[in-house]
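Quick setup: one chain, the form predicted alone, written in structure tokens, and binding and motion questions come after.
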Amino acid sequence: MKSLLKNDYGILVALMFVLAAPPILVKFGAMNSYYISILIFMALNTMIAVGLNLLVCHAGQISLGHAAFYGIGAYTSAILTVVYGCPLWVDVIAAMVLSGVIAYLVGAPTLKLKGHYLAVATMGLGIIAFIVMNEWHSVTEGPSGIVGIPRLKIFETVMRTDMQVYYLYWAIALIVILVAINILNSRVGRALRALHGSETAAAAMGVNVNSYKLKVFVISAVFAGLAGSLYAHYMTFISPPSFGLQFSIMLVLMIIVGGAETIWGALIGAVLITSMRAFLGEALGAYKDYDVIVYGLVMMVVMIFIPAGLAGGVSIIARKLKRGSAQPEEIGA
């Protein structure tokens, strides 16, 4: 982990800026609750994007249905707290566990598929989950959604203000990032990179391909379930439209724009696309349904001109500059 963090001081500085900026802006009157809520959504999306980064960018398994696990986490927490009066934080753990269990049950047969077949299968999972949330009225309240979800609390302190939620959720997002970095620097991470390169070659080297694919799928689902649970406790109301196919596509766009070389690319993508989504909604007004066209154009531009994503592009430029500055020294020697 130390070597990875050493190469990412710039991203660490950016993360520190994200954490320090709100109180500074609030002090000078340049920040309101709307902008803080956008920063909170950045933290939630970062948690999901980090898990999806592990799955897609490092293990090479495409998923277009991660909004399903986000929704499973949200509805699990909502039902346990509102209907059954489950203690707070216990429902968060339950949401993560249920998301992981469903990912295991679905992933065991699904991950035997490859390429676009896997993408279509995971997209089908997302569609089925959305239909269940929308039609199972006796449990999910259907399109009306579930209201009255309590805010989280630490010991006896309820997270009532957006600023309290902001710090708590970004702290959790940072923990998720560090867990993902440790995974990548472990034996599991090396196995995932081998899978991404060639499943056949990885199997020939003794890597249990199906086992590792399933493990990373479950881990990414647990991260999404965690984010979904936190989303429910922040909004105090949930409904099916928040967990549709479009959000799954947005998550994939986050990791494409951010870049696949490091976990920090997921953070960059989540921050950029979340802010872009918020401000596009304001700018387009009545035409906000056309924002998908803008996202499509962004994806095309990135794939054509910056295929490694923003994080990867910065790394490539840094390496070129480093080589360029080293050449005169070599000539002088």
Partner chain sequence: MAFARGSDKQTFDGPLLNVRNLTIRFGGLIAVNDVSFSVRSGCVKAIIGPNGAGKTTIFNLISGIYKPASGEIFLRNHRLDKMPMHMMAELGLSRTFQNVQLFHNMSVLENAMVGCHTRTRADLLPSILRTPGMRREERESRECAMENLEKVGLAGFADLPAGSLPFGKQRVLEIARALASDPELLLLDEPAAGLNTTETGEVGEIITSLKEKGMTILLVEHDMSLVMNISDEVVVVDYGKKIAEGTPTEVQNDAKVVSAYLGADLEAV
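Please read these numbers as outputs of a predicted model, since none were measured by experiment. Positions refer to the first chain, counted from 1. We call the rigid core the largest set of C-alpha positions that still match within 1.5 Å between the two forms.
This protein has a second form, the form predicted together with the partner chain, left out of what is shown; the following refers to that one.
Quick one: from 201, 93, 101, 83, grab the residue that has a heavy atom within 4.5 Å of the partner chain in the predicted complex. The residue from 201, 93, 101, 83 that makes the contact is 201.
Heavy atom within 4.5 Å of the partner chain in the predicted complex - the one residue of 256, 183, 127, 119 that qualifies: Comparing distances to the partner chain in the predicted complex, the residue within 4.5 Å is 183.
Tell me, yes or no, whether residue 139 is in contact with the partner chain in the predicted complex, where a contact means a heavy atom of each within 4.5 Å. Looking in the predicted complex, residue contacts with the partner chain do not include residue 139, since no heavy atom lies within 4.5 Å.
Hey, in the predicted complex, is residue 179 touching the partner chain, heavy atoms inside 4.5 Å? Yes, residue 179 is a contact residue.
Report yes if any heavy atom of residue 190 sits within 4.5 Å of a heavy atom of the partner chain in the predicted complex; otherwise report no. Yes - in the predicted complex, heavy atoms of residue 190 and the partner chain come within 4.5 Å of each other.
May I ask you to check whether residue 207 falls inside a 4.5 Å heavy atom distance of the partner chain in the predicted complex? Residue 207 belongs to the contact set for the partner chain.
Listed range touching the partner chain, judged in the predicted complex by heavy atoms within 4.5 Å, from 193 to 201, 162 to 170, 245 to 253, 224 to 232: Of the options given, it is 193 to 201.
For the stretch 212 to 227, return the residues whose heavy atoms include at least one within 4.5 Å of the partner chain in the predicted complex, in the order they occur. Contacting residues: 212, 215, 219.
Rigid core fit then residue 114 CA moved by 2 Å or more between this form and the one not shown: Shift at residue 114: 2 Å or more after core fit.
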